[in-house]
Ligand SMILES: Cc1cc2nc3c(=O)[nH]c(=O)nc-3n(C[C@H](O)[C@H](O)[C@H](O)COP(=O)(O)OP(=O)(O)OC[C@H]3O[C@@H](n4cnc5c(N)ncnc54)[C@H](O)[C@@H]3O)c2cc1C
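Next up is one chain by itself, shown in structure tokens, the form predicted alone.
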Amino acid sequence: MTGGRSPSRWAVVGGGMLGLTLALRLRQQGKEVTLYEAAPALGGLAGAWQLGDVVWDRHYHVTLLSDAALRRLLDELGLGAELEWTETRTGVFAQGRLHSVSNTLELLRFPVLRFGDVLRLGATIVGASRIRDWRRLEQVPVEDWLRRWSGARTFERFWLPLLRSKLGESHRRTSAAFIWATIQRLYAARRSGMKKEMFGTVAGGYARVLDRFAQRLAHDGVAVRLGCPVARVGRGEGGVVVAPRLGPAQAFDHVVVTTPSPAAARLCAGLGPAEAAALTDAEHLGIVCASALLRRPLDGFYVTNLLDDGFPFTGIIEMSAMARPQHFGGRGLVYLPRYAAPDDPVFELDDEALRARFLPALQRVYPQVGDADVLAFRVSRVRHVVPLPTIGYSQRLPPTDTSVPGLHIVNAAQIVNGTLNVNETVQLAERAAAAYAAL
């Protein structure tokens, strides 16, 4: 408080890592802050849940050595020293067999590609890691760019199955900035002088991170309203009014909505037609992510990429190959994600129907997993996760500051030169908070 003025009143709608970081920074600027979260617990996409007798992340997350923004935040929360680092291995299932491609020698022996193909693949990755002008790549279809750099055979046998698994047929409308952003993140450690990139997780996963975050917000005086879905945000008596579905409405000087763009368009009253269209027209991808607790770990690959056809999920992520075994009682924790358009019928399938599809596909790669080895199986469904990085996407960004005085929208749609991960989310929150410092 300066000059005898009362601190400005702010609300943040959405209690994921974006909303949490933003609420913390706004409070540190001396603002009064109220955080609204529809779910009974904080976290959003980073939230934790119980799978059998294990509490772990609902979706798979990893911290890289080069994730500077996230690591600073974890240090601030007193958790930086609890990061556990692992050098992971990567597998590829191709031509009906599982192959390790965890180092250069193994990649050179990869039977799907010839020696010259591997060289062009490596040149593509190294070349992309050195490109700085992502805006130029945003004007080029990802398929055209990869064919030009890697060659037709490498594209068809290596890149195309990966693009389809991540993006479906939407890869045809995706720009080369998508693959550039992925490579940039993985190579960030090497550019900073580190010899290799390490993957890390906080002991206890994001359940521990979110518990510590909640403690910090309470200590700092942020009012957190859990289980409080918001029905409407718009101008009203006394400022910008947040109206929950249940309970009294409250007026604030500023409100920041951090929900995905389609939800923000429904919540925010008074937006102009062009603003609303920018929020609703962006093509989004969602995720159906199954978690399976197994009697024992798999073969030690953190990621198993799937190049053969016929799989109902994107890849196989074994968290027990990265996090220390004691976190899972010596058992295996595996994620089976499928990225899909929000209207994909897969979102309508219940857990048992997905189990009937997913487990035989997992056994196709890892036949040692019997039905009785699956101790628990649970599915998360989120229809709007991230906008598709289509050609020229940065020219169609939804506005951060809207035409409604005091109403702001900050979400994954503003991530234009990176991939959706917790580090990018924290960076987005930090930039937004800096822009609001003087308000």
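Position 1 is the first residue in the sequence shown; the rest follow in order. The structure displayed is predicted, hence computed values, not measured ones.
The form predicted together with this ligand is left out here; the points below concern that form.
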Partner proximity in the model of the complex: Ala23 to this ligand, non-hydrogen atom cutoff 4.5 Å: no
Residue contact check: Leu359 to this ligand in the model of the complex, 4.5 Å heavy atom: no
In the model of the complex, Ala38 touching this ligand (heavy atom, 4.5 Å): yes
Any non-hydrogen atom of Leu388 within 4.5 angstroms of this ligand in the model of the complex: no
Of Ile287, Leu307, Ile183, Val118, the one that lies within 4.5 Å of this ligand in the model of the complex (heavy atoms): Ile287
Listed residue that, although this ligand is not shown, lies within 4.5 Å of it in the model of the complex (heavy atoms), from Ala282, Cys228, Leu74, Leu113: Cys228
Contact check for Gly15, Leu45 and His61 against this ligand in the model of the complex, heavy atom at 4.5 Å: yes
Residue stretch of 99 to 107, 229 to 237, 83 to 91, 326 to 334 approaching this ligand in the model of the complex, non-hydrogen atom distance within 4.5 Å: 229 to 237
In the model of the complex: members of 402 to 439 within 4.5 Å of this ligand, any heavy atom: Leu420, Asn421, Val422, Asn423, Thr425
